[in-house]
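In structure tokens, one chain follows: the form predicted on its own.
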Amino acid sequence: MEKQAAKPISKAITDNADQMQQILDIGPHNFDVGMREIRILGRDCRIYYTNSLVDSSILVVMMREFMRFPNKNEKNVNVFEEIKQHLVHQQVEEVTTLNDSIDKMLTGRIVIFIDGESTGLCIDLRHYPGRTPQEPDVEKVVRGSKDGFTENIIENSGLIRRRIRDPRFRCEISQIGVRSKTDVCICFLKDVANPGLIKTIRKELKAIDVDGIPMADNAIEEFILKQGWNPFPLVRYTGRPDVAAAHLLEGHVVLVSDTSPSVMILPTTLFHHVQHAEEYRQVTASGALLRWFRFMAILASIFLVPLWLLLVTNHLLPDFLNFIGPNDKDYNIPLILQILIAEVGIETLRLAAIHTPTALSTALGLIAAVLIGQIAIEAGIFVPEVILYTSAASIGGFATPSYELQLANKMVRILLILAVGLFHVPGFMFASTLFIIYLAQVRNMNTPYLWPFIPFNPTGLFNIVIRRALPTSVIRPSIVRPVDKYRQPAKSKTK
């Protein structure tokens, strides 16, 4: 997309005023953009600001400071430096082009033009509308911090820096989108994160040429990773600052997008999406047990229904397991069709729950459980076992920490069900093998998606299966290729 040529600030303040009026159309057609004329030390000055994005209380204090200047001409006085020195704010910078001035003004800063000066002054008075930090709904923990990311990039960066007070922690900000100019921040530890990874992310962000990214982080993900039709998530989203800080200390890079209440963690593997903060808020044994339960639930969400359908339709059940099959052999609808109808119904109810007001969500649950489910069984549409196993698989999906991974697993489950219904045992074996091969060939920023399972890494696999205590975790994960691989002094060095 073609960008406009930079227009330098004119020494004639009237020329600047005409250009600003032409570009911004200040007045009834653009009510939230304001301008104030003032005379300082005998010079005409104009202050431009965005009403909805500035802190009005600080702006009033600054205007009061300007009023204290005499309005008569003062000889042998550098007006520009005098005004700059009397700006009661810690963030003041100079601007030399109108384009830069407008971009900064529309992000919540104020811009001052001085007659006779070709340089303007920009003061950061940003005060974005938003909510206070609170715990994310999908990442709640029994113990631990209850703060979470908001839609404010400044607050989000502060929540991370509060947990990593290291001078080597970097927050590089840039703007994406010719029209939206959305702030995007790259966060990393300079002496830990791999320089090649940081260089790649910078290059990909710089290459984004689009009018705007109103969907923020998801749009950035599509531009950077070029995921295509792959349903499995290649980045991990988190709304918890402690999770983001933990990954930064491992050597990952975190992308923070303005207007988004979650941040992106790069790069990630499949096993990053099955971890949860609750496992690290409990003692080691309890955390490991919670992780095993979660693994079993995720596996059940994928394989439970297809495997049950395979066993009962091909009469592969031994006599002592006959109780898990349908007791009623004369069902009216084929089992595979019952399962597919149940899958569509459960997904539809989930979507309805999202769009249902909180006060009515309980009533929706009662309708789904009592009226629809029970009456459907009595009417002969479903056998009870279909409702049981599809519900168990859905519960396993809800136990998946990553919402994106849950949706991908649901797609795999439906494909396995279709393979079993059409081709029986060979279909199940072929589809399962193809599923594993597909995941094995997926690479995320040159990172194998199934690491440490494929390629096999015993240390990494042990850390995933067993939740290792922090004092025994000396080396950072090798998958991110950290510059400093030790997160704490090695035991051999301390002896």
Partner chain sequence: MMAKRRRKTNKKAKHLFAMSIGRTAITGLFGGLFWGLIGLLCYLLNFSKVGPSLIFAVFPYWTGKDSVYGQLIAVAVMSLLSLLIAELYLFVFSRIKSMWFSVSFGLLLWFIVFFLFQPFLHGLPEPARLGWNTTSTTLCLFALYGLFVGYSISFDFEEQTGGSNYSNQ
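Positions refer to the first chain, counted from 1. Just so we're clear, the structure is a prediction, and the values are computed from it rather than from any experiment.
There is another form of the same protein, the form predicted together with its partner chain; it is not shown, and what comes next is about it.
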Which of 24-32, 61-69, 427-435, 37-45 has heavy atoms within 4.5 Å of its partner chain in the model of the complex? 427-435
Its partner chain contact at Gly460 in the model of the complex, heavy atom, 4.5 Å: no
Does Ser52 reach its partner chain in the model of the complex, with heavy atoms at most 4.5 Å apart? no
Using 4.5 Å between non-hydrogen atoms, is Val480 touching its partner chain in the model of the complex? yes
Can you tell me whether Asn194 touches its partner chain? I mean in the model of the complex, with a 4.5 angstroms heavy atom cut-off. yes
The one option of Cys171, Ala288, Leu311, Leu418 with any heavy atom within 4.5 Å of its partner chain in the model of the complex is Leu311
Any chance Pro241, Glu347 and Tyr403 all have a heavy atom within 4.5 Å of its partner chain in the model of the complex? no
Near its partner chain in the model of the complex, with a heavy atom at 4.5 Å or closer, the residues from 440-471 are Ala440, Gln441, Arg443, Asn444, Met445, Asn446, Thr447, Pro448, Trp451, Phe453, Ile454, Pro455, Phe456, Pro458, Leu461
